Ligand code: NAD
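Shown next as structure tokens: one chain only, the form predicted on its own.
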Amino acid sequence: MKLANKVCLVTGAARGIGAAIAKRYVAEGARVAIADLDREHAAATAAELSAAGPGSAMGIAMDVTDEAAVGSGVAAVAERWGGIDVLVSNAGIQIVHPLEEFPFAEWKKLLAIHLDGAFLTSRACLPYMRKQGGGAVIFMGSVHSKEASPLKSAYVTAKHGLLGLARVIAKEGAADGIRANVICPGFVRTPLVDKQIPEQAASLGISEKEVVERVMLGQTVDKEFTTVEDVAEVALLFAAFPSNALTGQSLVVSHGWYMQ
């Protein structure tokens, strides 16, 4: 097993991509802390994954924009399992508006969850990784870490910012064996994406079918959504990679939408 006894913290993991990553890690023998605003759902997901094994999981409540909540949550995981080996900063939201109509409060909310969350969780986990001589920090970016789309000024800004933060961590952490990388999925059919379809249809004045076929999948090679399992496989690669040969990098998982 690639992650036997590794301690992993995955934020936004009660459902969607985060839950799929947690499931993949547990299947590889990891001990996974499922951090989410929804404590009950996190605990239920953790119980389900622990029952499936061979690894185990625990659910914890965490608001990734709250410095104290992040610090206490990370400390609780490290105390229970003896450290932190892998951080997956996955918590995120989507808000769409034309730039001129984007409410400042919503701009700040989105950036706080994506960027402040990545910063605070990384800052809290890094000392444990340094102490034990290594670790992996993984940010959930997006094709929008590389490309822009209308209506998504805050999201595109946040996802671009994660690339810079990961590269800084890769350089600062290298001497202690700490790697930092970014996963950049295309459109993954999750509740977050489903919510965007009618919103973008209304904003762009097109049908929901056109949003899916033209806006979301129009630049893929096969008109297919990326799956949560696809993303989880890349998260496993980054978590289990054995050296600093793979650090400060981003990997696009998008059925060919955006090719580097």
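Note that the structure is a prediction, hence the values are computed from the model and not measured. Note that residue numbering follows the sequence shown and begins at 1.
The same protein also has a form predicted in complex with this ligand, omitted here; what follows describes it.
In the predicted bound form, this ligand sits within 4.5 Å of a heavy atom of V188.
Taking the partner from elsewhere, I17 is found to have a heavy atom lying within 4.5 Å of this ligand in the predicted bound form. Proximity of A91 to this ligand in the predicted bound form falls within the 4.5 Å heavy atom cutoff.
Taking the partner from elsewhere, I197 is found to have every heavy atom lying beyond 4.5 Å of this ligand in the predicted bound form. Only one of the listed residues (L151, I113, L165, A124) places a non-hydrogen atom within 4.5 angstroms of this ligand in the predicted bound form, and that residue is I113. Comment: 135-143 is the region of 71-79, 99-107, 173-181, 135-143 lying near this ligand in the predicted bound form, near meaning a non-hydrogen atom within 4.5 Å. In the predicted bound form, the residues of 191-214 lying within 4.5 Å of this ligand by at least one heavy atom are, in order, P191, L192, V193.
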